[in-house]
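Taking the form predicted alone, here's one chain by itself in structure tokens.
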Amino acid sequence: MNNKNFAIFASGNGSNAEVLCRYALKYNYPLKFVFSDKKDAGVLSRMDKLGVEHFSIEKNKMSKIDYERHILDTLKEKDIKWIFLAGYMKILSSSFLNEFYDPNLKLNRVVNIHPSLLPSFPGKNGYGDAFDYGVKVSGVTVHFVDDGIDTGPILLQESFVRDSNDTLESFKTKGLELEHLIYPKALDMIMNDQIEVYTR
């Protein structure tokens, strides 16, 4: 295995981050730390319980350029080659993403999980938008991050059926269960050099 050192970025409760961490620990994948942009994020408590290194930097009055440079300094110090976003709520700049561009793969080594079958329903409310639209089938997408909003090359997608008696909450629960299955699969693919992207 080539250098696949990776970090997980999360802003909130961190259920996907915990699933990825447990999986990485089980299979001895080179997870170096979990980063959060919020000092009180629930994900940090989860990492304490798992014994996973973590840190947080809040933007406060820093410019976006200075903030991202501060994060990049830490990533370089730990020799991080891949980033997995797990509910990370900040948009990464083009200059940040360029630091992780892989000319062989022709994509950025930054991965995100999105709660819809992209390209349908991009943005932060994937489940809600899909549910309100009345879809009969929805799903989850793991994709590489580019300069757009959920527009990067797709690595993996899986679907679930919406039942007639589903509420938005039960619909989201189905999706989250699928997220917890699909993201470790994506981690496996990357760690084992089995990357194949969908064309949109």
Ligand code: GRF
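Residue positions are given as counts along the sequence shown, with the first one as 1. Given the structure is predicted, the values throughout are model-derived calculations rather than measurements.
The form predicted in complex with the named molecule exists for this protein as well; it is not shown, and the discussion that follows is about that form.
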Does any heavy atom of Ile113 come within 4.5 Å of a heavy atom of the named molecule in the model of the complex? yes
4.5 Å heavy atom contact, Met189 to the named molecule in the model of the complex: no
Flag Leu176 as yes or no: does it have a non-hydrogen atom within 4.5 angstroms of any non-hydrogen atom of the named molecule in the model of the complex? yes
Exercise: Tyr127 in contact with the named molecule in the model of the complex, heavy atom 4.5 Å: yes
Heavy atom within 4.5 Å of the named molecule in the model of the complex - qualifying residues of 141-167: none
